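Coming up is one lone chain in structure tokens, specifically the form predicted alone.
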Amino acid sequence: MNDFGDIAVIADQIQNDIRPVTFELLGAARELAGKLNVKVRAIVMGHQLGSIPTTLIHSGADEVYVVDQPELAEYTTLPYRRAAISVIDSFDRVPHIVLCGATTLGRDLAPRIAAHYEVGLTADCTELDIGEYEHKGKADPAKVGMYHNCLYAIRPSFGESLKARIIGPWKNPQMATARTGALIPCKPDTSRTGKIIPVKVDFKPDDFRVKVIETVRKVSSGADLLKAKIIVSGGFGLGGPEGFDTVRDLASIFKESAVGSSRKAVDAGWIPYDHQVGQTGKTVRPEVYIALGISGAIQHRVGMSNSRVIIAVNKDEEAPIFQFAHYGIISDLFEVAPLLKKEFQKSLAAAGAAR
């Protein structure tokens, strides 16, 4: 092993359901750990966590540090902050890198951890890598020199038109949060083994200045965009909210499908925000992404360009989406969508018969 710390991943779970970003972070952490020759340590906090620690081992963690206490049954900032810092402080060395998801939990917790250790935090990353950096700035002579094995925290900037590579090698842990859907998870391996290490945290009275009286969670209808294998999205080219009937009709023939939308259609009030894909919506990585009447502006592209197959239908042959779609159809979407539905139904029926 090298003489610097390991990589720590803060697991994101709600009501003992591990969020997809956790598996994606473990996948990225495994790649980074391979370059650094270090271990991946997962930290999971909550109550009655059951098989979650084992699942994290199967998903890429070498060690899982478990804080399973009643005080953590519901997420509140200060107890989770205390628990995360207590676990990190128990490590034999300060982690080289700490990663969190850019979720409601991660965006709240990660800055608290970074502030405690007086380090920087790069938010909303879409890529992570390891590399070198030579600092030549004369403003702080103590920092001049070559830095090895830096975390490259890469995220879109300037309206998603450029990528910024952000580094902070001055002090560990180097920290980042990553967008859900942007990174690639490891394939689960139930034969993987690792250490599960329980940690008891002594909370302070000040940790409970805020109390959760009631938690109300809205369960949206249809498949989760982040879990859907097929996404059919509609844009401003639908002409109005009734245009989404065509989108839903096409999506309905697939299992594990969901309906997506561009920001412009959401802003127009045609469909709720939780369907939005893009810079200010969700980042998705389905097997197939079908875009109906979406121009493909960079703000939308950043949320879906990693889809395995992209099919675009638009009347405008100059639409930017045709520059990166795998298949493009220049035509009226209301004429094409029923034809696509018919052909997909034939293929699905043939696939079912083949089984």
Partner chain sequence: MSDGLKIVVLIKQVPDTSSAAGVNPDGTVDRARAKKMMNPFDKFALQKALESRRDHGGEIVAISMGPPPAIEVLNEALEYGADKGYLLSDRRLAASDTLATAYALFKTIEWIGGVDLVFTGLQTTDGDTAQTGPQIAERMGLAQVTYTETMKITGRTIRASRIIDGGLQHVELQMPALITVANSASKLEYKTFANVYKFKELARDPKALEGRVRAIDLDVIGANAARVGLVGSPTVVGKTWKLGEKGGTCKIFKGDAPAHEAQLLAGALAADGQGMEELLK
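Positions refer to the first chain, counted from 1. Definition used throughout: the rigid core is the maximal C-alpha set that superposes within 1.5 Å between two forms. Note that the coordinates shown come from a computational prediction; the quantities given were computed from them, not determined experimentally.
There is another form of the same protein, the form predicted in complex with the partner chain; it is not shown, and what comes next is about it.
- 168 is the sole member of 168, 185, 243, 194 with a non-hydrogen atom lying within 4.5 angstroms of the partner chain in the predicted complex.
- In summary, among the residues 227, 116, 148, 93, the only one with a non-hydrogen atom within 4.5 Å of the partner chain in the predicted complex is 116.
- In plain terms, the part of the chain that comes close to the partner chain in the predicted complex, with a heavy atom within 4.5 Å, is 319-327 out of 48-56, 63-71, 319-327, 22-30.
- Residue contact with the partner chain in the predicted complex: residue 288 places a heavy atom within 4.5 Å of it.
- The shortest heavy atom separation between residue 340 and the partner chain in the predicted complex is within 4.5 Å.
- Put simply, residue 39 is far from the partner chain in the predicted complex: not one heavy atom of it is within 4.5 Å.
- Although the partner is absent here, residue 331 sits close enough that one of its heavy atoms falls within 4.5 Å of the partner chain in the predicted complex.
- Residues of 104-135 that come within 4.5 Å of the partner chain in the predicted complex, judged by any heavy atom, are 104, 107, 108, 111, 112, 114, 115, 116, 118, 119, 120, 121, 122, 123, 124, 133, 135 in sequence order.
- For residue 145, the Cα coordinates differ by 2 angstroms or more between this form and the one not shown after the core has been superposed.
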